[in-house]
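Coming up are structure 1 and structure 2: the same protein chain in two forms, each one given alone as C-alpha cells.
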Structure 1
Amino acid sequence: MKGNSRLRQILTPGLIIMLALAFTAGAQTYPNSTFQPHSELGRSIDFLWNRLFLLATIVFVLVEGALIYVIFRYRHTGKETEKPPQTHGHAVLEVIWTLIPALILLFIAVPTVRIIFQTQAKVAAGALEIDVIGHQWWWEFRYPEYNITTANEIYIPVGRTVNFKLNSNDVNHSFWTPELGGKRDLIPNHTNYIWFTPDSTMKSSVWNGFCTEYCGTSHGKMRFRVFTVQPAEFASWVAGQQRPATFGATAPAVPAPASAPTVAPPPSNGAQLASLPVGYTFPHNQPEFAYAKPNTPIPADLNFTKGLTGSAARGMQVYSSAACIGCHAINGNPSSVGVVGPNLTHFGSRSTIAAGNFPNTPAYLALWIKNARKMKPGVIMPTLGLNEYDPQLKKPVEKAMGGLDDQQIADIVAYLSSLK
C-alpha cells in the first residue's frame, strides 16, 4: 500500500501538467505567436528553433536516461561488503566525454551559423525601404521612396521584400513583429537592418508589433501595427499618404528633398487600382482582427465633458495657435511643422493612438489630449487640459501654461479626426 501511495504522489502532478498542456494545445488562435511565420525570415528562425529543440531533447533524454540507469543500477542496497573498485585517469572515457559535447556543439553550430549568414545577408535589389526610428515611447516610420512619414503603423505589400533601416532617437529599443520576422535592436548612433518578404499568398491582414528591449517607464506601451496588404491596396494607400491633409489643405505637399530621386508609384495591377479609391485604409474594425484592437484601461480619475460637439474649423484654429504645432507636423497646415512628436498629416485614417495603446476614436483622443501623461506615464507630450493635474510637473495646468478647456479639446479632436 505504501508503494501505491508513493506512485500516486508522483503521477498526480504529472497528470495535472499533461492536462494543462492538452488544454493549451487546443487553442485555435495565436495572434502573436512566432511559431506561425509568414515570411522567409520567420520560417528560417522557426526551422532553427525546431532543429535545436530536437537536438536538445535527444541530449536530455540520453543524459537523463543514463543518469537514471546509474542511480538504480549502482544504488546502495546495504548488502555490499567491499568498497567498489575506483578508477582514475581512464583515457578512453575522457576522450569519449570530450568528443561527445564537441559533436553536439558542431550539430548546433552549423545550422546556427548558416541561418545567421542568411538573415544578415544584404537585401535584394528592388526592396521597399522603410526607415524605423524609435522614440520614447512611439515609432516613426518613413518611406523615403515615396516621401511619406507616418507613426506607429506600417503598410507593406505582400510578396515584396521590405528592408527596415533601424535607428534610435534616444535609448535602445527593439523592433519585433512575431508572426513576420525576428526582432532586431535599435541602437543610438548605430544603424541596424532587418528584411523579410511577407508571403504573397496571404490575404490582407494586420499584425501586432512590440518594443522588446526595456527602454523606460512606458516600454510596455510602445507598440505598433503592421498591415500586410495587396499591391493595389498599397498603391492606393501610398497615393493617399502623398497628398496633404484633406481638411484645411492651405499648402501644397512638402516636396521631396533635393537628394531624393523622383520615384514612380508602387507597382500594381491597373484594373485593381482603378477600382480602389485613393487613400486606402485597412478595415481594422472587422471581428476577425479583434486581436489587434487595443484594450489599455483608462485612468479612473480622467474624465471628459459628455455631449460636446467639436468643430473641425475651430479646431484647426485652436490647434494652430496651441503648443501642438511645436511638436507635430501636418502636411497641409503651414503652421504645424514640429518634428518632436509623431507626424499627424493623415491622423484620422490611423487605427490607434498613443503608440497602439488606445483606439483612434474621438472619446479616447479627447482624453489623450487632455492628459496624455496620465494615460501613458513619462511621455513628453504635455498635459493640455485646463486645471488638469500634470504628473510630471506635479501641479495643475493653468491658462497661462496653455491649458485648454474641454470645448477647445473637442474642436481639436474634430480637426484631427478629419485628417484622412
Structure 2
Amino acid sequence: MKGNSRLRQILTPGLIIMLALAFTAGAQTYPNSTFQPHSELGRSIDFLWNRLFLLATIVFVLVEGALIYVIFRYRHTGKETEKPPQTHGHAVLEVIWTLIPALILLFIAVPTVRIIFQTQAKVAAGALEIDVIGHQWWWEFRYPEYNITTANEIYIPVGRTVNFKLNSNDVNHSFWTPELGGKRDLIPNHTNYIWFTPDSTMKSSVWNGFCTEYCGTSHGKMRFRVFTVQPAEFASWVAGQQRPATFGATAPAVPAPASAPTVAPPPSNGAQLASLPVGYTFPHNQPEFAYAKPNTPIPADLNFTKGLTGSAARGMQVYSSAACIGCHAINGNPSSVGVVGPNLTHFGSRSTIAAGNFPNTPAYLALWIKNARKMKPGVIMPTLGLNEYDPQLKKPVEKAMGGLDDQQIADIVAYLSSLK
C-alpha cells in the first residue's frame, strides 16, 4: 500500500501538470472541456476520471513497457543453437495476473458505486426545476415555477441546484453541457432527470450545450446555451421573461436604449446586485465568450436585398397573417399560439437563433426566415422567401404557398427583434 501511495505521490502531480497544460489552457482554447467542472456533478465525475486516468496510465506504462522489453530482449539473433524452452504456462503467475487487475478494478468499483448513488439520489428540496423537451432539432425549456417557456437558451442562477426534467417530443436526444456535468438522454414516453448545482463562486458565464444522441438529419446542429448568472441577474431575467411580449403596448419602437446588461460589468459576486432593472440579459458579445458565438457560414446561394428597413408595426401585421402563427407562440400576440416551433415571446432577448447556430442579428434572422431549410438541413420550418427554392419540396415557393418578399421579411425581422 505504501509503494502504491509513493507511486501516486510521484505520478499525480506530473499528471495534473500534464492535464493542466493539455486541457486547461483557458476557456478560450477548449471551451467545452470536461476537465474544468463547474458543478458538484462535474467534480464527482472529474474525481472518478482522475482516478481512472491515474490507474490507466500505470497499467498502460506497465503493459506496453513489458511488451517493448520483451520485444527487444528476446529477438531472434540467428545465433541460437537450440529451441527456446517450451514452457506451457505457470499457474502461480497466471493467478497473480488475474488478481492484480481485480484489485485495481476494486479501486474503481467502490467510488463508482458510491458516486452513482450520490449523483442519482433524489434532488434536494428547493431545486429549480427546468423541463427540457427535445425536438428535431431544437430545445424547448420550461420553468414551471415561473411559468416561462423559452427555447435553446437557459438562464440558471449560480449556487442553486437545478433539476432538469427531460422528455422528448419526437425521437431520442441527449442533453449535455460538458463544462457543467454529464449527459442524460431525452426519451419519448420516458421521463429522465439530471441535477447539478453551478458553483456559487462562479462569475456569470455562458456554456455551450449539445445534443449527443443521434437524432436525424441536423443532429449536428442541435445546440443550446446555458447562462449561469448571479441570483439577482436571474431574478431580473425571470421578471423580464414573465412579462408578455412588450411590443405595441409599452415598449418603444426602438430597443430600450439603457438596458441593464451593457451597463453592468460582469460581477465577481452577486451580493451587490440587489436590484436590477427588469429584463436582464447576459452580455454575450464580450470577447471572452467568443466560443459561444456561432460561426456557421451562410449558404453561398442565399441572398437578401440590401438596404431594406423593416417596420416592426408592419411586421406584426405580416407575422400575424402569415404561416408563422401556425407553429410559433408569442404571449401578447393573441393570434400567435402555435406549439410546433419555439416560443418567440422574448425572441429579441436571445443571443442566437436556429438552436444556437447563428447569431441573433437582423441579417441572419432575415435569411433564416427566407430559407431556413438551406441554413439547417431538414428543418420543419418551411422556406418562406418568395421564389426561393425549397430543398425539401424541391420546388420554388410561390405567392399562393405563402411566399414572402424581402420587404415583408424585413418587417417581420423588425417585429421579432423588438420582442426583448
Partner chain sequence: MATTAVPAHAAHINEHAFDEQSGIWGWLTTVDHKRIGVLYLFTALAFFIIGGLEAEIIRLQLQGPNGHIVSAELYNQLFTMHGTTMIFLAVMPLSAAFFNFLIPLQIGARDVAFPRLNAFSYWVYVFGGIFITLPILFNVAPNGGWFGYAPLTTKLFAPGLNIDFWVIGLQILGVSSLAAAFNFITTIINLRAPGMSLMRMPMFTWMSFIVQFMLILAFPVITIALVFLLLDRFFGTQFYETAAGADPLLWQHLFWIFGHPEVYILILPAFGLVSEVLPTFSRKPLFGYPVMVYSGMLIGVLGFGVWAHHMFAVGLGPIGDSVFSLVTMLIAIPTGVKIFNWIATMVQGQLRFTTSMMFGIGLIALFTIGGISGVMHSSPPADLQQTDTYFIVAHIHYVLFGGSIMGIFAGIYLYFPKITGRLMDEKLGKIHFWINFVGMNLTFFPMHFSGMLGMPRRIYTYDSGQGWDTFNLMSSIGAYILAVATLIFAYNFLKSRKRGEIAGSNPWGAGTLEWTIPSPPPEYNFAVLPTVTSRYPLWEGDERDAESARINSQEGKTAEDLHIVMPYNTIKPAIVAGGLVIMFSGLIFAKALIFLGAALMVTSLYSWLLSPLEPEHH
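What you are looking at is a predicted structure, and each value in this text was computed from that prediction instead of being measured. Basically, rigid core = biggest C-alpha set you can superpose within 1.5 Å across the two forms. All residue numbers here follow the sequence of structure 1, with the first residue given the number 1.
1 or 2: which is the form predicted together with its partner chain?
Structure 2.
Based on the rigid-body movement between the two structures, can you say which of Ala313, Ile96, Asp301, Trp49 lies at the hinge? Where C-alphas switch their better-fitting rigid part, the residue is Trp49.
| Rigid-part reorientation between the two structures, C-alpha based, degrees | Domain rotation angle between the two structures: 8 degrees.
Per-residue C-alpha deviation between the two structures [Gly89; rigid core superposition; Å]: Superposing on the rigid core gives a C-alpha shift of 8.1 Å for Gly89.
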